[in-house]
Structure formats: structure tokens, C-alpha cells
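Next comes just one chain, in C-alpha cells: the form predicted alone.
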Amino acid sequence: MGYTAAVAGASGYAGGELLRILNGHPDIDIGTVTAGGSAGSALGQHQPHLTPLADRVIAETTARNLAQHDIVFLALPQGQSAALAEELDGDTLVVDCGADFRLSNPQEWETYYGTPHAGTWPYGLPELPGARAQLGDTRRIAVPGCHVTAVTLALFPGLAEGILEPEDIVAVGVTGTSGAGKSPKPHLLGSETMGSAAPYGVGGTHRHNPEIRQNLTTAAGQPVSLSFTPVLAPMPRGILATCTARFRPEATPSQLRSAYQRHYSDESFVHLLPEGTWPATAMTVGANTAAVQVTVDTSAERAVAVAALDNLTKGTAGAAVQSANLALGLPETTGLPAVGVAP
């Protein structure tokens, strides 16, 4: 049985990546594509790499245009998904790539986003324990933030098995400029970013902070203390999350690695690298994969866990399709690229 999918936000980076993946999906046909300011223009003007879809005319993003599809992917700015989702039929699979439904704590949402909390949907990170069961029985999915996915995959096996301490977790996420979206911004001009790396969202102000804490608290079974700093790097796409946490003194480095092997040995898209090999963003470009490595800094009594992924693929659009596959009862890997592009 084939399914039809509408993509809202088709002119943006996340929308373009969704369309790239869906174009090769054997069980999903692309239906209506929508956007805001670019409605009425040809998709090829905004996504010239999508040559098979270049002549598609972009429609206005309304519930009426998105209806009558089996799946609706929302690749919209924060705050725009909730109202649309309310107007869509409950039998339609709605996959939100934005932040509207990720957080379970309304107070955290209001603190970081400044608007009323719209609710919480099943979480689109299948590798988390229990996530696949929830995703297999839902018509609403909230895709994680890209930094969140990287930091969560880097740390959760050690926290889940009680080898890492939940206090004093530090994470630095180096990311490419596509994570900021496609709208013109002076600080993202080539002349500003080339040859320069700069932190942003410093001091716990980045909106992915509460979502990372939410995931790590669930893994640890108790509240975590987190310091997260994102860094903008002069590259178009990719995230490299370097995370450290205190190592329980009674544990051994081999126990730590064994925990990661147990959690990731059967995963199609998360790869624990051989010892001594460290993740790099170039390993994952264009692929729905995450590369992970972990070791112990014995002098500091801390574990060091590193994860690399493509923020547009495993960090957004790939996770959306992976989760949709589960909700539709399809094999989880269907239509998803598992091999990156190099150099």
C-alpha cells in the first residue's frame, strides 16, 4: 500500500531535506508542497537540487491544502505547527519537525519559548528505550532538536546503566549554519562565518537545553545538571557534540564501553566506532546516521562521549521519516540513506 505525504515548509532547509529523502521512498508519494512567502512559485527556484520536483508549484500553508494526505510533515518555524495540527484529521499522521510538541513540562516551554504550551506528542527518537512502542501506535510525532539528538545519543547509554553521574554534565555542540534556517541573517553571511567559529546561546539560554535535560533525566531516572554550549562553525551542515560526565569510581572503562555496545549493537543508524576512532561530521553528511565514541579520561575521572550527525538528516528530516515508517508499520529503515557523501 502506498501513502501520500504533504510537506509544509518546503522551501526551507529541513523541508528540502524531507523532499530529498521522500523522493526516494518506495512507499510514500509526494503530494502537496507548501510554504509561506514563496507560495505560488516553482519549487525549483528554492530547491534547485530537487530536479525531479522542480516544476511543482508551492501552495500556501493552510490546513485545507495539507488535508487529504496520509502523512503531513511540518517543517515550520517554532509556534506555527500547533494551530495547523488542530485542524488536521486525527487519522492523518502528522510529523512535526519544529519544537511545538517536544517538551513535557509546560513551565519549561513557557520559560524558553514565551508562549502557551501546546501539549506533548510521542517523541521521534526511536533509539531511546520505549520509543518504538510509542511511535508504532500514534498519529502525532514530535521530532527532536538536532543538538538534542546528538547529545542524547552521546550520553544516554552511560546514564541509563548508572555508570555516569547525573550531576555536572558538560556538552559542547559544534554545528553548521543550516541549523539556523534559510532566512537571511547578517551574522550568517559568508563573510561573517568563513574562517570563524563563535558560540551562541551561551549560559543555558539555548532552547535545546530543557529538551536535552528532559531526555537525560529520563535516561538517568533522576534529575541531571547540564551545561550546554552550542558553537557555530564555518560549515553548511553537521553537528559534533563533545560531552563529558563524571565517571562512577566503582565502574571500569570496559563496563562503560559495554553499555554503549549493548544499546547500539542492533541499531541501524547509530554506530559505535572502533576504539581509537573518533566521530567527524564528514562521516555522516547526507546520511541518517550518527557516529558515536566514548572513553574515560582517568586523570579527570570523567567520561568523554562524542557524537557526530548531519543536523538536516538524522538531526531532522531523516528522524522524521524514520519515525513515520514506524507509525505506518513499515520497516524502520525504508527509504533512508545509511551511507554518507565524501569528500
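Position 1 is the first residue in the sequence shown; the rest follow in order. Only a predicted model underlies this, so the values are computations on that prediction, with no experimental measurement involved.
Beyond what is shown, the protein has a form predicted in complex with another copy of the chain; the following relates to that form.
Each of V202, R213 and A282 places at least one heavy atom within 4.5 Å of another copy of the chain in the model of the complex.
From the list 133-141, 97-105, 84-92, 162-170, the contact stretch for another copy of the chain in the model of the complex under a 4.5 Å heavy atom rule is 162-170. A single residue from the set T218, Q80, Q255, T229 has any heavy atom within 4.5 angstroms of another copy of the chain in the model of the complex; that residue is T229. A heavy atom within 4.5 Å of another copy of the chain in the model of the complex is found for exactly one of L125, L240, I71, A118: L240. The closest non-hydrogen atom of T295 lies within 4.5 Å of another copy of the chain in the model of the complex.
Taking non-hydrogen atoms only, T333 never approaches another copy of the chain to within 4.5 angstroms in the model of the complex.
Taking non-hydrogen atoms only, G190 approaches another copy of the chain to within 4.5 angstroms in the model of the complex.
Contact check for G36: no non-hydrogen atom falls within 4.5 Å of another copy of the chain in the model of the complex.
Scanning 52-73 for heavy atoms within 4.5 Å of another copy of the chain in the model of the complex gives just one residue, P52.
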